[in-house]
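Before any questions on how it binds or moves, here is one chain, the form predicted on its own, in structure tokens.
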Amino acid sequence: MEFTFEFLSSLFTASLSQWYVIVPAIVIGLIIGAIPGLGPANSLIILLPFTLVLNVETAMAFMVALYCSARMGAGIPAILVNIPGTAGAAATPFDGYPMSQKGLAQRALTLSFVASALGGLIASIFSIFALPLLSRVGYYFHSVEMVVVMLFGLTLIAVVSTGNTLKGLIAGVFGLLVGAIGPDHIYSAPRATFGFLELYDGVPVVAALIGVFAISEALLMTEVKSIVTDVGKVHMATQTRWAETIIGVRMAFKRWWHIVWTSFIGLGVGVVPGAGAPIAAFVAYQQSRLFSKTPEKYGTGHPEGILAPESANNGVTSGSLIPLLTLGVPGGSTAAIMLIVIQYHGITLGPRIFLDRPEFPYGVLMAMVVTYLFMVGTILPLARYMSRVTLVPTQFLAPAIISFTLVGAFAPRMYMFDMGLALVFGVIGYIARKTGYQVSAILIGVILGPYIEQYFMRALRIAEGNPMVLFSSRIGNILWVFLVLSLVAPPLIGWYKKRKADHASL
């Protein structure tokens, strides 16, 4: 295949001609992403008959657009009401919600939208030019390397626990224990299920996320009249209509390099089959804080704390499709549904597709580029109107949140049990918030715990129980060095700054 400008321009024109399915898919995806529990995979399953009657190029353009916009939409409730739409947006509330409480919801949404669109766009364009190269990344990242990558995300427990380290660690360990419920990774024997068959597949992440974040937050809302502070209300009343959106765009473009390198984190994580947006978001947030000149501002409404996870989890979208398009191996549940549609239309994925039908894999990624271009003009004007949600009195907002989120807890598996489980986690989250424990640390443990155990046990089985296998990989050892540096560097930098300040005061 000759990779020329004419080839790229023809792909772009073909993708642009699919606007009549891309634009509706963007709208549907934003709505789906904004409703906690209704992810793109569930939605594509519902819409599967529709995608099967379309030709394969149009069907893929529709599914890709819905996938990308749902990823962006998940950040909307995370910022406005402290409720991530999906697990991939679980790191967004760390700084998004504090900005909303200050009356800066419109600015926070704008930051999120710009980071999502640019992060996804950058990763998609890079994927087009580096598709054969990126397809090999999965060969070099095995269980050992993935254990270290997960540990990068797990160190966020220490980051979010800066106020009270002991309580943060207790919350994190509790989350890890909850994540261990279900079958073990050797004999698939059930653990700590208490006889509930619904827990034999493990604790559903959506139910835990909705309970710990959404329902507990709704219960806290009943204790106040508004989620926005009095100072925040004054700010929202005095700001001009589009001023906050313009400020948000400027702030995002001023930090363009931050968006670029965190989007590449998402792309790298997405390329590895089995990894996903939650891992990318947590790792990007942790790395963003590590290399920041003002790490103490994270968790208080810092712009970079929104840009990092949102650009990373949108960088995952193109990365997760690369194993699918090049090897026929779906990188996640959404990609698996796309594989069904592709196979239905008689296309065989694998290395030979670059010889037989090169326009197909490159066309899918080009459709993603066009989608993100459309999303910029579609979503930015809505930030102004969406931000008004924060002014709704909590007496109306709290019941609405509980109602919608319980439906979201039911949707993935359609078990009434999951709705009850979400309520249980809601009470746990409420008690944790009232007693000073970090619910975000609980959620990090619940999400990353099963992944770490899975890859760790797989590595031990391959090495016949020898724990030194964790240091047997060159790439893994390099990652270990970076992990140690990420843990040691912050206190050393803090000590150095304090010593410098003490000398300056003498």
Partner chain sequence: MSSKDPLFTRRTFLKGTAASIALGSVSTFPFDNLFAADFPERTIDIVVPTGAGGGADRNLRAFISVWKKYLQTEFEPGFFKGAGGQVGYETYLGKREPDCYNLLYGNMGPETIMYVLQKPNYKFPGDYVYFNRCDVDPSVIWVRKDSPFQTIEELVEEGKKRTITLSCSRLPHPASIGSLSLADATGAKFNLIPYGGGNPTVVACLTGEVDASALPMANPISTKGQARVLGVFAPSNPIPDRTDNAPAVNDVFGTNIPDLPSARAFALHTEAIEKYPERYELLKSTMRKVFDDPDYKVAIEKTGRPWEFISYADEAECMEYAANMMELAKKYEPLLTA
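Numbering follows the first chain given and starts at 1. These figures come from a predicted structure and were not determined experimentally.
One more form of this protein exists, namely the form predicted together with its partner chain; it is left out here, but the text below deals with it.
For L133, no non-hydrogen atom is located within 4.5 Å of its partner chain in the model of the complex, even though that partner is not displayed. Taking the partner from elsewhere, V53 is found to have a heavy atom lying within 4.5 Å of its partner chain in the model of the complex. Taking non-hydrogen atoms only, R357 never approaches its partner chain to within 4.5 angstroms in the model of the complex. A residue is said to contact a partner when one of its heavy atoms sits within 4.5 Å of a partner heavy atom; I46 meets this definition for its partner chain in the model of the complex. The three marked residues, L16, H302 and F374, fail to reach its partner chain in the model of the complex, with no heavy atom of any inside 4.5 Å. Only one of P98, P204, P295, P330 comes within 4.5 Å of its partner chain in the model of the complex through a heavy atom, and that residue is P330. When its partner chain is considered in the model of the complex, only one residue from V260, I247, L339, L382 comes within 4.5 Å through any heavy atom, namely L339. Here the chain stands alone, but in the model of the complex its contact with its partner chain, taken as any heavy atom within 4.5 Å, falls in 196 to 204 among 308 to 316, 278 to 286, 196 to 204, 260 to 268. Along 177 to 214, a non-hydrogen atom within 4.5 Å of its partner chain in the model of the complex is carried by H185, I186, Y187, S188, A189, L197, E198, Y200, D201, in order along the sequence.
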